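Okay, here we've got a single chain as structure tokens, the form predicted on its own, with questions on binding and movement later.
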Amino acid sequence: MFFFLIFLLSCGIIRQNNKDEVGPYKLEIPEGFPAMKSTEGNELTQERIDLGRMLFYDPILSRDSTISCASCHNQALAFADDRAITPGVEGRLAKRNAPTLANVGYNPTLLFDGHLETLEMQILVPIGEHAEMAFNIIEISKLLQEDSTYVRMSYSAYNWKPDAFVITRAISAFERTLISGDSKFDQQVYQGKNVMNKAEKRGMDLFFNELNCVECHSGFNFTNYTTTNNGLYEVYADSGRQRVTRLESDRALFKVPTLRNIALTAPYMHDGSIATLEEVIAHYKSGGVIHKNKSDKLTPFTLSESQTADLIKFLNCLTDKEFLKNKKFRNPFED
């Protein structure tokens, strides 16, 4: 059933929207950022974004109406969480840490496995996952169709009743607006403002040049979007990308995360096993433990206490404070 739904949703067979019924929406793209790729059949409109924002914050998406998308993705934490593993319905725990949704619309692949190619497809995963929302999107559709507000908003956005097609596309539309690009780093590098102090600039030089962190954390979004093994364990409880590809060469490979707002998204790693940035740096200084699939880019290095402090100060420059309080992203049920 799950793969059948993915086929329908990805191909757009369920229903195509009436584009004449909705108004266009122009994303505000920060300096230094590329244009976001348009998604055919789910072009952004204010009506779709508004509907998606309501659904994102509504626990009606979970079996017992206790968990919403925002339960794992908190705006004050850059749409991440401060728990290693966020509890799902009935307190069930999965295996993976909730990643930030900042700039998620730019991601060519989704999930730590890096195997889904659209947000529309990804949204089905937490809804159906036993340790997360543990619900059926068909049953959710029935509930929404009994709600006059959702019915009205759905027809306004997609000229169609709130069903699986509408749910996945509306939430995706909202998530594509979650753009973070006004950090101290952005102001310094892209906006031409001299806002970083000497320690932060020293840390930036370490990041880009001496340590060459950009081997993995590159570009405007500080990630190369690949899956890799960073030597966290000799034996992993989570098989990583191998879970979906069944290839031993993909065992314990996880997607390289963005470093944007990294100071707010602790704990770190795919399983939330490292609590602080200091510990993250110590891990990479060690070169990681031996694993057959560990990236050959990881080699031990030395860093003084003052250099470590400078590097962390630079990483703090990737925090976008405006993103954390943008009224366009906040819970509409609290407005």
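Numbering starts at 1 and follows the sequence shown. Because the structure is predicted, anything quoted here is derived from the model rather than measured.
From this point on, the text means the form predicted together with a small molecule, which you will not see here.
Novice: State the residue from Ile123, Leu144, Ala157, Ala78 whose non-hydrogen atoms include one within 4.5 Å of the small molecule in the predicted bound form.
Specialist: Checking each option against the small molecule in the predicted bound form, the one that comes within 4.5 Å is Ile123.
Novice: Which listed residue (Pro257, Gly240, Gly203, Pro162) meets the criterion of a heavy atom within 4.5 Å of the small molecule in the predicted bound form?
Specialist: Among Pro257, Gly240, Gly203, Pro162, a heavy atom within 4.5 Å of the small molecule in the predicted bound form occurs only for Pro257.
Novice: Looking at 180-188, 148-156, 128-136, 193-201, which lies within 4.5 angstroms of the small molecule in the predicted bound form, counting heavy atoms?
Specialist: Stretch with heavy atoms near the partner: 128-136.
Novice: Is Arg251 near the small molecule? Define near as a heavy atom within 4.5 Å, in the predicted bound form.
Specialist: Residue-level check for Arg251: no, no contact with the small molecule.
Novice: Given that the partner is absent here, does Ile67 sit within 4.5 Å of the small molecule in the predicted bound form, heavy atoms only?
Specialist: Judged by the heavy-atom cut-off of 4.5 Å, Ile67 is in contact with the small molecule in the predicted bound form.
Novice: Report yes if any heavy atom of Arg176 sits within 4.5 Å of a heavy atom of the small molecule in the predicted bound form; otherwise report no.
Specialist: Although the small molecule is absent here, Arg176 would stay clear of it in the predicted bound form, with no heavy atoms inside 4.5 Å.
Novice: Test of understanding: in the predicted bound form, would Asn212 fall inside 4.5 Å of the small molecule by heavy atoms?
Specialist: Asn212: contacts the small molecule in the predicted bound form.
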